[in-house]
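One chain follows as structure tokens, the form predicted alone.
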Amino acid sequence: MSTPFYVSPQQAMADRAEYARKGIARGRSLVVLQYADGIVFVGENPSRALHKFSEIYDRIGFAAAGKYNEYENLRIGGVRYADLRGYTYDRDDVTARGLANVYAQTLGTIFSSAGEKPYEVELVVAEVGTTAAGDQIYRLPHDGSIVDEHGSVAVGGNAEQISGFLDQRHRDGMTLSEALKLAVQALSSQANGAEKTIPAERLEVAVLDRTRPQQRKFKRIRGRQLSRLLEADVPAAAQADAVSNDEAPEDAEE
């Protein structure tokens, strides 16, 4: 009888981590930035139906890079958790930190289980506060760890380079137009120093806007709204009009 091939636990976990990272790297990167009135989500996404960004609850947004069917399952689970907790206790008891803890437990359990492959996803959970100091952004890698981020965060295949770009240029108090253009510039940067062009119709953009009078702060920005914000010089009044016009808030799906 032959001796079973032995793989050390350290090597097995390293192989699983490498497998997950390669899967995430095949997807397009996305960025999440704080701006003066909230948090903006920006990513390259040619699909109009398969969203990278979604509303989870009143003030909470979700962003994901990697394998769509896996992060969609996580998103649906997050919506159900938030709805149940808000109904059982109070709407204010649903927080980004609580949701991040739930996702961390799920991802960590799957990553450490030898019976199934690790999820090829990287998540961002963000909550907009009544002031900029109350904003919360959490990044969750494939292994279920939680990273508390401030200012800006990038996930996906080119995240390290994009994060470095944003760290040098992002500042507090940016307008939505400034933050959006910075995000697009970061996503367009290449490893060789060149830039690719990302047309507006290939961008997926959403915001958590603390100035909205509605209880639900999540809103998608598309079409003419997006084009106006991407123009070189957009007055503050036009930016406010671009965010407040046109669309009603989008329902969180189950």
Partner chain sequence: MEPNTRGTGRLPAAFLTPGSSSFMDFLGAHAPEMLPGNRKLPEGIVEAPHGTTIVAATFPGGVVLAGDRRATMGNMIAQRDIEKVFPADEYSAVGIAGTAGLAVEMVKLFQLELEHFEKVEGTTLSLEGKANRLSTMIRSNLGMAMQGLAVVPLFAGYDEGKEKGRIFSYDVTGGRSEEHGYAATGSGSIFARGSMKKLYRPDLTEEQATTLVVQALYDAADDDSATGGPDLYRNIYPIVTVITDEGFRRLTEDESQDLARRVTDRRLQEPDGPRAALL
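Note that the structure is predicted; figures quoted are calculated from it, not measured. Residue numbers count along the first chain shown, from 1.
The form predicted together with the partner chain exists for this protein as well; it is not shown, and the discussion that follows is about that form.
Interface residue remark: R75 is counted as part of the site for the partner chain in the predicted complex, having a heavy atom within 4.5 Å. Interface membership of H150, defined by any non-hydrogen atom within 4.5 Å of the partner chain in the predicted complex, is ruled out.
Using a 4.5 angstroms threshold between heavy atoms, Y103 counts as touching the partner chain in the predicted complex. Shown alone here, E116 lies within 4.5 Å of the partner chain in the predicted complex, counting heavy atoms only. No residue of the trio A126, R210 and K217 has any heavy atom within 4.5 Å of the partner chain in the predicted complex. The contact with the partner chain in the predicted complex, taken as any heavy atom within 4.5 Å, belongs to I110 out of L182, A96, M174, I110. Out of the listed residues I56, L229, L187, L203, I56 is the one that sits within 4.5 Å of the partner chain in the predicted complex by at least one heavy atom.
Considering the partner chain in the predicted complex, the lone stretch of 79-87, 134-142, 174-182, 159-167 in range is 79-87 [heavy atom distance within 4.5 Å]. Taking a 4.5 Å heavy atom cutoff to the partner chain in the predicted complex, none of the residues in 141-156 make contact.
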